[in-house]
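In the form predicted on its own, a lone chain appears below as C-alpha cells.
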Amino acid sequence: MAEWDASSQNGALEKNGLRRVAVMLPYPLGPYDYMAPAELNLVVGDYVVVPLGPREVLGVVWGKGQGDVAAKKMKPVAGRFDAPPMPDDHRRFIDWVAAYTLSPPGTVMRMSLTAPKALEPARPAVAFRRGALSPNLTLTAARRRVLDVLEERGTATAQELADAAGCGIAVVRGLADAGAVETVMLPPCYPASTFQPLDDRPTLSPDQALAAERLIARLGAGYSATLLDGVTGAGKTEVYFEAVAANIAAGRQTLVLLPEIALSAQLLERFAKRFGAMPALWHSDVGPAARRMTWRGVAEGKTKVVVGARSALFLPYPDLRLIVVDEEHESAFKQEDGVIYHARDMAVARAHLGGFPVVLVSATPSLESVVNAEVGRYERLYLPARHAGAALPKIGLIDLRREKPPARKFLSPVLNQAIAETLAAGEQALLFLNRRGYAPLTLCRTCGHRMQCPNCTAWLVEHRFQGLLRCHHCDHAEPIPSNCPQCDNVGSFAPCGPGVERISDEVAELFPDARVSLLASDMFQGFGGRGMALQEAIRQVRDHEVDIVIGTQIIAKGHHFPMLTLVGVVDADLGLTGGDLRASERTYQLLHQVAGRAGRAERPGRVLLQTYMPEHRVMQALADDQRDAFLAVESEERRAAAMPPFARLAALIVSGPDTAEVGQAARELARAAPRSDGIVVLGPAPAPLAMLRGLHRERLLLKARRDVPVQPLMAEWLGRVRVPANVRIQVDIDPYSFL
C-alpha cells in the first residue's frame, strides 16, 4: 500500500520511533492500541491494516493510544492505505451516533467502510487519441467515423468512441493495432465532479424565489435547520436546487437524502436537466464498481453531489456543506436493524457537528419537525400554492357502508363511474392500495386453516402472479399449495382481502380496453435491471402510454404525471388500526401525498377515498384541506398523553431462539428497570410480531420527560443485567415501529 500525502493534514502523531495509536475496528469492540512504525507517518483518520488474532483487518486511526498494555506486548500496524484520512467531522459524527444510539463505535464506523476496495487508488482510464495514418491502412466508413470523433473530441474511451461512431469496439482496437490511434492514460473520472448548470431552468414564482434566497443565505453562515414546507406540486425541489447550485458554485459538497430508491429516478432526471450532469447515487443496490468510484470521489472531495438513501450519511465527506432531506416525514428514514437510527435526525446532528445548513423538505411534515419550527429550533419556509397556477385536487369521501362494492369486489360503483369518466376524457387514473400481492391472507374454506409464516408471527401473502405465498417480514416463500395441509382438501383455499394484484384483475374485468400498469416494490427490486424497469414503467405513465395505474406507496409521492387527474384510494382506512402512536399522522401523510399526484398540470384533479370511517378526523381533515388543524389536534393529544415529541421514548427488544430464555431475560430487565420521577417503564410484553425470522421477541418501553437524558439511564439499566449469550438485546432510542 502506498502512502497518502499527509503533510498538510491535522492531527499528526508524534514522530519518535514507535508510538502507541488507538485504532477503531469495524466490530463491536471499541478502539485497540497498536504500535506504528515512524516511517508510516500516521495521522488521525488514516485507514490502516492491523493484526487481529490470526488475521489482518481494516481499521481507522482514532487517536493516541490510551491503554496500559506494555509496549512489548503490542502488535504493530501492518500497513497504511493510500487514501485521504477520515475527516475529523466524520469521526466525531460516528462517535456521536454511537453515543446517541448506544451502539459500539466500531459498529457505527463499519457503515462507513462498505466499499473497502475504494481505499486503493482508482486506476487511470484508458483512452485514445489520433495517431499517424499509415498509407497502407484501409479506411472503412466505420473507421472514418471513429477518426472524425477523435478529431472533434481529442480523446475518448473505446466505449465512447464506439457509441459516438455507431460501431463495435473491435473497430477501435483495429485502429489501435494499426497505430492510427494511440493509447493515453487519463485520470480517474469520479462521478458528479463537474457540472454545467443550464440557463433554461424554470422561472420561480415569487414565493419560490424568496424561499430559495433564504436557503442560499444560510450557506456558509454556520449551522441552521430549515423546514421547507409546501403543498404538493409547489416546486419545493426547484427551490432547494437553487441552494444546491450555489453550493456547487462554491466548490462544496452536497448530500440529498431520499427515503426510497424509487424516488431517485425522476429526481435524477430533473437534476440532470438542471445541472447538465448526474449526481452520484448511493444506496444498497448500487453495483460494486460504482460504489468504489463514488466512495473514493467523495473521500477525495471531487464528487460534489450525492443523492442517496440513509446510508449515504456515512460517506466520508471532507467538505460537506449542505444536506437536504427530501420527504423528511417518511418512516423509511428509520433503520430498524443493526445500528437503529433515524436518518433525518442524524442528518440534523451531522449538520450541527459540521457547522452547515440542513434543509428538511415535505408537503406533510412530521409532527416532530412542525413542533421544532414552532419553538424556533427550525426556520419554516412555506410555499402555499402549486407551481404554474395548477389547482389542488378536490378530495371526496366514499362511504363504503352505503356505496357497497359488488360481492367479492373492492371498487365501489361511485369510483368505477369516476374511472370511466376519466378514461372517456382521455385522462389517466391512479388506484392506490398500500398492500402488495394478491391477498393478505389465504384461508381454507373447509377447516379454516390459515397459511402462516414458519419463521414469523405473520400470515403468508398470496402473490398470484408469481405463484407464491410470501412473508413480507423475512421473505420466506413457498408455492401456493393445491390442497390444504391441515384437512387435505383440494381447491379449498380462498383469498381474503385485496392486494394490488387482485385490484388489477378487477380493473381488467371492468375496463378491458384500458392500458393498465401495476407498480409495487416487490416487482422492481434493485436499481439495475428491475430498477431500470421501474424507470421505464414510470416513463410510460408520464408519457400517457398507460390509462390506469394501480400501485402501492412506490407511486404515492415524488412523481409528476401531467395527464393523471383521478386518484382513487381503495382502502383509506388501512393503517389507522393497530395502536401505533403515529397511525393517524402516517395515514394522513400517505393519503395526502398520493392525493397530490392528481391534477398537477393544466387539467384539474379529483381524489376519492373509499372508507368505512368517513367521520374519522383524518378523513375529515383530508376532505376539508385542514392539515394544520389536524396537526394541532394531533399535537394536543400527544402533549396530553406525554408522548413524542413532548416526551422521550426508548425501547428494548429482547430476542432469541428459546422463548423461555427470552422471557426470563425480559423479566430480569423489568426488575432492574430505572425508577425515578419522570420515568415510566412498561413491559415486558410479547412483541406484536412475537416471532420474527425465527427469533422469539419481547419488548420493554421506557417513557421519560423531554428533559430527561435517556441514554445514561439505558446504559446503566443494561449494565445491571447479565443475559445468556444467545439472547440479544436491541436498543431503540426514539422508536418509530412498535412491532
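Predicted model, so just to flag it, every value in this text is computed and none were measured. Position 1 is the first residue in the sequence shown; the rest follow in order.
A second form of this protein, the form predicted in complex with a small molecule, is not displayed here; the remarks below concern that form.
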| query | finding |
| --- | --- |
| Exercise: Thr203 in contact with the small molecule in the predicted complex, heavy atom 4.5 Å | yes |
| is_contact(Gln610, the small molecule) in the predicted complex, heavy atom dist at most 4.5 Å | no |
| Non-hydrogen atom contact Arg270 with the small molecule in the predicted complex at 4.5 angstroms | yes |
| 4.5 Å heavy atom contact, Ala234 and the small molecule in the predicted complex | yes |
| One residue of Thr303, Thr254, Gln208, Thr422 in contact with the small molecule, assessed in the predicted complex (non-hydrogen atom, 4.5 angstroms) | Gln208 |
| The small molecule: the contacting residue among Asp88, Glu668, Asp573, Glu238 in the predicted complex [heavy atom, 4.5 Å] | Glu238 |
| Candidate stretches 68 to 76, 338 to 346, 316 to 324, 224 to 232 - the one whose heavy atoms come within 4.5 Å of the small molecule in the predicted complex | 224 to 232 |
